[in-house]
Structure formats: structure tokens, C-alpha cells
Ligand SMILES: Cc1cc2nc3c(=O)[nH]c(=O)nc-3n(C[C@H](O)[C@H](O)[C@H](O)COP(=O)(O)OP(=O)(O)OC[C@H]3O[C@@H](n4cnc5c(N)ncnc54)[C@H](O)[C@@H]3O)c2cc1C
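In the form predicted on its own, a lone chain appears below as C-alpha cells.
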Amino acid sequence: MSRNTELLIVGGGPAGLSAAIAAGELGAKVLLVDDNAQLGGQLIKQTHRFFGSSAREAGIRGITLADEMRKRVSKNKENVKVLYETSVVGFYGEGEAGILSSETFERVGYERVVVCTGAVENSLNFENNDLPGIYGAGAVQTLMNVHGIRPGKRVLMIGSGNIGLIVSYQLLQAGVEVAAVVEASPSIGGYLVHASKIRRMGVPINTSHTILRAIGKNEVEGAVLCRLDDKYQPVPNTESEIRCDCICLAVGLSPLIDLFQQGKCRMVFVSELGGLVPIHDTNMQTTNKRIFVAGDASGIEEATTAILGGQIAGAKAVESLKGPSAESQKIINDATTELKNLRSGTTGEKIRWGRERLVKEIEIC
């Protein structure tokens, strides 16, 4: 089987949804493909309120935002077609992709594609890290906030970035005891407001510490921690045991890049953006001019920046097909301005360094 579309969007998370909304409202024929049963990506398990600009989702919960974006997509059925529980499994030649569902494999011809595949959770090397009861933070969120299942009774959180701190608070809200938050760096990685909330609830945050091994034979029964020196090496004779039946790893994300490599996009390793990412300009266009990128696949950031990047990618992809318009320019200019504001200040410093490295790579290309 085969079908054709002007714009193929891979992934129905915040970036893919916003790209589909922008492109559909600009009159493009859009095929949005997602491998889940509902659109929203990470938003469907984010019960917390967003920070950021008052003009961009601040104060709104992720689950609410996902619902609002799905409604906007469904209102434009004339231009936006959605395929659920379907995966884009590869790019074949110029302007053709393969999609796979439980029922069939199809080839899709497209003129432009926006890849919003998101990211994968990082793991951590320590003894017995394959015991049942060890989860990524995203998996814990899915269990609790989507399926209503507690992952354990007493959880040890590894990582004090925003995800680790937010999931710790959500665990507490669900009646799960958080034994401690463990952070290898000498300072907390996430916003202090998140850290303060769980500290007020009695959760210790142990900076300059790491996990050495999980304790247990058939499942997690505890963990052994130790202190780290200023070179992130274990300090002798500082080992301590902590009781827990679940270990949650919140140690970062890596962009999902397989499709960019298949599409022969040039890649570059930028540690500030989470690892290997496709080289792309401020229009979110990669070195393969048919392929645009948005969301965590372009570099690990927050949901709001993914939404803004998706708007730019969707509008720019339409402009590359139909030419610029007042409507598309407004979408792009507004989103670009807001992105600059969100990345300003000390909290956005790391991202700005990563983006500056991308600019240099573009100049080399």
C-alpha cells in the first residue's frame, strides 16, 4: 500500500502537535504519524504546571495542554490526517518513508518531513542495574500518571535535574515514600523551587553522591551509595546502605536520531544538547533540505521550547513548499522571539552554548 502527503510529521508529542497545527492552519496537507494510541507524547504524563513565559503555557498542566492541542488538530481534519499506533520505520530514497502499524506496512511519499521523534532515557552503569524494580523516570511517570500504578513503596531517586525533582514530588503526591535524591554533581541540577518542595516534605538531597550497586537477588531491596570527590571519583570508606524497593533513574535524555541518519543528514555531537543531533539552522531545517527537526530530537530542552520549535519547523516547511505569507511569518517571528526569551538568563546558558556550536557547524557546512 502507499499514500502521499505534502508534509509528513513524525511524532505526536508537543513538537509534532504544534508543527501539525501550524502547517495545517497554513493550508498544507499534513500526515501526522505517532506510535501511541493518543497524541501528546510526554505531555500526557505531566501533571505539573509549566514554568516560563505567561504567554507560553506557564501555569498550565501538561495533560491539559495535550488535550487543548489535540482539539486544535481534530478541528482541522480537512488538512491534518492522524495515524495512531503507527511507526515511521525508515526513509527510502528521496521523499519516501515506510510506516508500519499492526495491520500493514505502507510507503508514504512526501515533499517535506518534520521529524519530532523526541528522546530516549539514559541509563547508568552500576552493579545489579538490571534488577526488577529499576526504572527510568519517564517509565515511573507513565505508571503513575497514565495507568495509576505505584512503582514501589519506597523509592530512591538518582538525579536532581528537573525531571528527578518533579517525579519525586509526584511520587510523594501518590503516597510513595522517597528515601532520598542522589546527585553526582556538587549542586542541584534542577530549579530550586522544585528542590525546596520535596525538602520541605522531608526528602534529603545528597549532592556529590552516587549509587554503587543495587541490593537484592530477585528484586530491589536497597542500594549502596558513596560520596564523590571533586573529580567525581568515589571517596574511600564513605559507603552507606539505604533501604528501598524501587530505584528511579533520572540521569538525562539522548535525542532519537535514527531517521536523520537514514535521511543522510549531517550530525554533530553537542553535549549541551544531549549528544548527537542533526545539524540544523534557526529555521529547524537540516542539511537534507527536505527534512526539518523539532523538539528533543533537535536538542534536549523543555516542552515549551519543543512547542515553539515545532511551530517554526511546521511553518518553515510550508514556506519551502508554498512560499512565505504574512500568516507564516507571524508564526515564525513570534515563536523565534519567545524562544530567545526562554533561553535568556542563567538557566538557558547551557542551551545557548550548544546552539552557538550548531551555528559554527552550519558555517562549516
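Owing to the predicted nature of the structure, the values given are computational and were not obtained by experimental measurement. Residue positions are given as counts along the sequence shown, with the first one as 1.
This protein has a second form, the form predicted together with the named molecule, left out of what is shown; the following refers to that one.
Visitor: Please pick, from L256, V220, V251, M267, the one residue with any non-hydrogen atom lying within 4.5 angstroms of the named molecule in the predicted bound form.
Guide: By the 4.5 Å criterion, the partner-contacting residue is L256.
Visitor: Of the residues A66, I331, V33, A28, which one places a heavy atom within 4.5 Å of the named molecule in the predicted bound form?
Guide: Here the answer is residue option V33.
Visitor: Which one, 204-212, 283-291, 228-236, 166-174, holds residues whose non-hydrogen atoms are within 4.5 Å of the named molecule in the predicted bound form?
Guide: Of the stretches listed, the one contacting the partner is 166-174.
Visitor: Residue-level question: is G118 within 4.5 Å of the named molecule in the predicted bound form, judged on heavy atoms?
Guide: Answer yes; at least one heavy atom of G118 falls within 4.5 Å of the named molecule in the predicted bound form.
Visitor: So in the predicted bound form, does any heavy atom of I312 sit within 4.5 Å of the named molecule?
Guide: No, no contact at 4.5 Å.
Visitor: For A303, is any heavy atom within 4.5 Å of the named molecule in the predicted bound form, or not?
Guide: Flag for A303 set to yes.
Visitor: Should S87 be classed as touching the named molecule in the predicted bound form when contacts are defined as heavy atoms within 4.5 Å?
Guide: Yes, contact at 4.5 Å.
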